[in-house]
Structures are given as structure tokens and as C-alpha cells.
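As a starting point, one isolated chain is supplied in C-alpha cells, in the form predicted alone.
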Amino acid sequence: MSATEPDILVVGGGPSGSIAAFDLAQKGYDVLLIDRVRHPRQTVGESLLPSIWRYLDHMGVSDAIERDGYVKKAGGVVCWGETISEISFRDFAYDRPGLHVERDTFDLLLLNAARGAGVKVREGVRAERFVEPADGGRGEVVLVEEDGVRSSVFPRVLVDASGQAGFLARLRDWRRLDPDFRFVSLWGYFAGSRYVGAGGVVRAFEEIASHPPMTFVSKLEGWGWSWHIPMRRLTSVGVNVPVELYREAVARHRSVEDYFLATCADTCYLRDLLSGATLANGEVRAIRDYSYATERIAGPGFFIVGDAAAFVDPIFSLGVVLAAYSGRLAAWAIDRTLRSPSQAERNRDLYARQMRGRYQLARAMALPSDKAEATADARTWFDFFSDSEKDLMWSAASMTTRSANVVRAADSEAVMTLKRQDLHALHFL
């Protein structure tokens, strides 16, 4: 491979970038992947649905996941107003668990799998400029090293997997914030937290290996919510609050950290789980307006994948699975395009329609029932799921009173029978 003329340049070494790079290298292409930071690096998004195993199996990393001892997630418990509900994955024909992972080591595992497939990886390098190819030739991407040295590479195709940084979206002014998801998200990691297991039983952190945890979600003021995700050593805890409420509330506290801890302490059941726990390093992280879409996610010489393309509210843990799917789909479309350039526009359109449909359905699931309507693309995506996966989506959405949008997406007036268990109380031991 020429150092300056790879077949494919992937910008970003998260799940979508690693999976796209892995697939394209396996298909015989010369692939260069760059990342502006060095792995392992910390990021949020620790809760993974059982669907992730199909991608882990595909990349050959499932045995390593098992050996590393990531926490196995049995399902979810949601406290939404006066209703407490539980979903267990085994009730939906899943024979493997979800996962709670530390994203620094998990993402590195996927990146190393891409390396093993022949992908060249350069870290500490960011993309600064992109010139689209003309007449099916090569584009140009200007790279900047950590020491400021600039150079150019000339790929046949650019895969933008730059996550929330959104390399192409920001460069071309294609990113559009979602007006219905004007939220602030705050999160931190706690040591010594208890957790919720099956049946709503609260257990000591040391019991995780023998009693798999549930992701625990609580409703906050307005239609905000909190998460509680126990991992191997620490527990990820976060709150998502509408911007207007956040501005009013944080002004009444000495700092963002005080507001975060006070919100956790004021949240029913969450405060009990965190009783006696300590905030690791006293550190609270924040991001606002995290929901957005990108106007163009495919064009001559480029595909945008994962969080660089769009991101919706993470309440149903769809993010990493959607990112993984986008990476595989983009690799498929790129391969078809390079083998048959006359089909380039058709392949780009197929990729864009499939991804927009998936994000639209994820958005519909997360919005209150009176705030969204399912589109034709969302209904098309819904048809790709098995009945058990559809049941899981319906049930999960209903736990937060948001099922009407999913029913609309299915274009069905049938009344759903929920596979969930209503719990009268959580038992703190």
C-alpha cells in the first residue's frame, strides 16, 4: 500500500470505524485508519444489547470478550413515574446476554481486530480537510500530526467514523441539532455502588459475577432520565435533563458536580443504590445537545458512519449496535461500488435510506408518544427485525410510556402483549 494512496481512509477508531475497516481489509482493500487520540481512551456508552454478539462473532473477538470478563447484562429495570417494570432478554429468545463494558478496553479490542486483519492504524493524527474525488478518481484528505506537521493522503473512499466530533458534518455544515432533544447529559463513575439484579433484588457490587445485573433507568423531572450501569470495577451513572430545566437547576448549586450529586441523591431508588458509594476521582463529565442528524451521510467518495452520521437519545442502549451495523453496511456498499462504479449512486442511496430509517425508528422509540410520527423509512427498517426483536422494542418503549411511536413504525393497530414483569417495589438488602 502506498502511504499516501490507500484504497480506503477511515477517520476514527471507535466501533463503527473498526468494523468498517476490518470488513474492507478482509475484502482485500488497502485500509488506513487514523484517530486523533490514542487508545485506550475513555468514552461513555457502556450498555450493549445482545445483538452486539453478531458483530463480535464476525470480528472473531467473542472469545476475548469472554476471557476479559465483561459484565453480562440480564436485562433492564425501569422506574418510570409510579410504575416499575423489568425486561429479561431470555424472555425474547436471546440465548446470549447483553454486556456492560468499559469502552476504553472494548474499543481497543475491536481496533486490534482491525489491525489483525491488515488495517494500518495511525494514532495521534486528525483529518483537517477533504476534497471530494472527481470522475471516480481519488479524493484528498489533509492530515495533521500531533506536532502540527501536515500531509495529504489520496484515498478512493473516505469513511468518516469520527463520532460526535463529526469531521465531515462540521466541515461542510451538515449537522442539524434535533429540536426535540435539547438535553444536557452529565455522568460519572462510582466505586462501591450496589446494583439491581433480576426480580428487582438489590445486591452488593461483589455479587455481579454470580448474579448478573440489570441496567437501571429512572424517570427524572420533565421527561429526563437517569442511568445506572455496573461494570467490572466501577458503576457508570448519568442524568439526562432538558436544557431549560438544567439551566434553572444548576444555578441553584455551587458547581455542576454539586448539581449532579444532588440530582442522584434526589432520585428515588438511585440514591439508595449509591448510598455509601464514592464518585471516582470526583470527576463529572458533561455534554449538551447530543442529539443530531447529518444532512448527507454518503456522497461521491465518502460514507459517514456511526455517531458521526447521527445520534439519538441513548435511553434504549441502541448506539453501539447501530454504529456496528453502519460500519458493516458501509463496507458492503463501498465494496459493491469499487467493483462496479456504475452502481455508485445506487449503493450510496441504499446505504443512506437504510441508515436514516434505523435512526428514525430509534428516535421514535425515545420520544414521548405525542412528539413523533414514524416515517416510511422507519417502517421499512422495522421489517428487517425478527418477531422477538420487535417484541423487545415494543416492550422497552412501553416501559417509558413511548410505545405508540413504535406501533406507528410497525404500521400496526394491534394491541401488544408485553413480556415484562411489573414490580411492586425494589428490595434493598
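One-based numbering along the sequence shown. Worth saying up front: this structure is predicted, and the values here are computed from it rather than measured.
Not pictured, yet referred to below: the form predicted together with a small molecule.
Contact check for Val61: every heavy atom lies farther than 4.5 Å from the small molecule in the predicted complex.
Remark: Tyr259 does not count among the residues lining the small molecule in the predicted complex, judged by a heavy atom distance of 4.5 Å or less.
Proximity of Phe167 to the small molecule in the predicted complex falls within the 4.5 Å heavy atom cutoff. Among heavy atoms of Val159, none comes within 4.5 Å of the small molecule in the predicted complex.
Across the options 22-30, 62-70, 356-364, 41-49, residues that bring heavy atoms within 4.5 Å of the small molecule in the predicted complex belong to 41-49.
Across the proposed site, Met214, Gly276 and Thr400 without exception lack any heavy atom within 4.5 Å of the small molecule in the predicted complex.
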